[in-house]
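Below you'll find only one chain, the form predicted alone, shown as structure tokens.
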């Protein structure tokens, strides 16, 4: 039976949000191709994260002292050895900084294809086609691997919906790769940390995003009040950040962050394709715009056609009242 293997990243022993999205993508791919799902993560087999991988028929815990801190050499060697053991048809990763660092060299070591930043896939004529966005989301390209298995895939953040982790009864099997310290050519430093003021919008369950309909920087607090009432993070479309009204770290879109919150409340956002590609994975989209023909309404689950300067204060008051 064929296998889809997904490698996950963990924080404090628990899979990260984008890793769970990659896990969901791997589960969908396994189901569509009639394959079994295998999952792997660096850490002790007794760690809490391995119990959250419900749906996987095989779970591997990669344990080695040289894997306690990330290095491209260590991860490449360890993952190559596990791939040789499992013999999967497809290998999936979350498209993270680490994966962008080591996955190309892993593909090169294996002599196989890496299709990066995938947003979807479909079966066609007996093969799986993987979709990537081109020209800031204006076009979609479809790719398939012509080389022998395995095909390596990295999954774009927000492209697949990650449901709440499910418990599993499958115990994690310890996999101890053969690694030598002399083969690690780099010394691990401090883990990457963004600036203290940087906001990780991708991990926020609720987002209130503001667009050019807000008209003036002085009106931003109006939307901030709604975000605060909801317990949401404040985000923005590119024009708002380009104008300096909000920092670039709060930009959603093809040139900003890709998000997939439970709720995405778009305030005064028309819905240009560059913005839509960054938030199309949201579970529920609510749009407020005075233009009933705004493209944002085409993907919105709920739409309010009206003046945001009237709608937003009313919503804020209603949320505060509901919360008591």
Partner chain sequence: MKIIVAIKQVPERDARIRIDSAGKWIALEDIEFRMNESDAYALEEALLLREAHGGEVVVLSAGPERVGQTIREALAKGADRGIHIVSDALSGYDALGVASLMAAAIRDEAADLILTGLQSDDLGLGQTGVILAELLGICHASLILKIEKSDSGIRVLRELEDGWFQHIDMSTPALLTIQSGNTKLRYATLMGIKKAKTKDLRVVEAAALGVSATPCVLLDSVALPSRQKTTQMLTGTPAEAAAKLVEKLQQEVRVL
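The model shown is predicted, which means the values in this text are computed figures rather than measured ones. Superpose the two forms; the largest set of C-alphas matching within 1.5 Å is the rigid core. Residue numbers count along the first chain shown, from 1.
Beyond what is shown, the protein has a form predicted in complex with the partner chain; the following relates to that form.
Screening 220, 83, 179, 114 for any heavy atom within 4.5 Å of the partner chain in the model of the complex leaves a single hit, 114. Among residues of the shown chain, residue 322 is one whose heavy atoms approach the partner chain to within 4.5 Å in the model of the complex.
Within this chain, residue 187 lines the site of the partner chain in the model of the complex, having a heavy atom no more than 4.5 Å away. The partner chain in the model of the complex comes within 4.5 Å of no heavy atom belonging to residue 68.
Although the partner is absent here, residue 243 sits close enough that one of its heavy atoms falls within 4.5 Å of the partner chain in the model of the complex. Picking from 60-68, 41-49, 256-264, 25-33 the stretch near the partner chain in the model of the complex, with a 4.5 Å limit on heavy atoms, gives 256-264. Of the residues in 79-94, none comes within 4.5 Å of the partner chain in the model of the complex through any heavy atom. The Cα position of residue 18 differs by less than 2 Å between the shown form and the other one after fitting on the rigid core. When the rigid core is held fixed, the Cα atom of residue 144 travels less than 2 angstroms between the shown form and the other one. Residue displacement note: residue 243 has its CA displaced by at least 2 Å between the shown form and the other one (rigid core superposed).
Between this form and the other one, the CA-CA gap for residue 280 and residue 151 widens by 3 Å or more, being larger in the model of the complex.
The Cα-Cα distance between residue 275 and residue 18 is shortened by 3 Å or more in the model of the complex relative to the form shown here.
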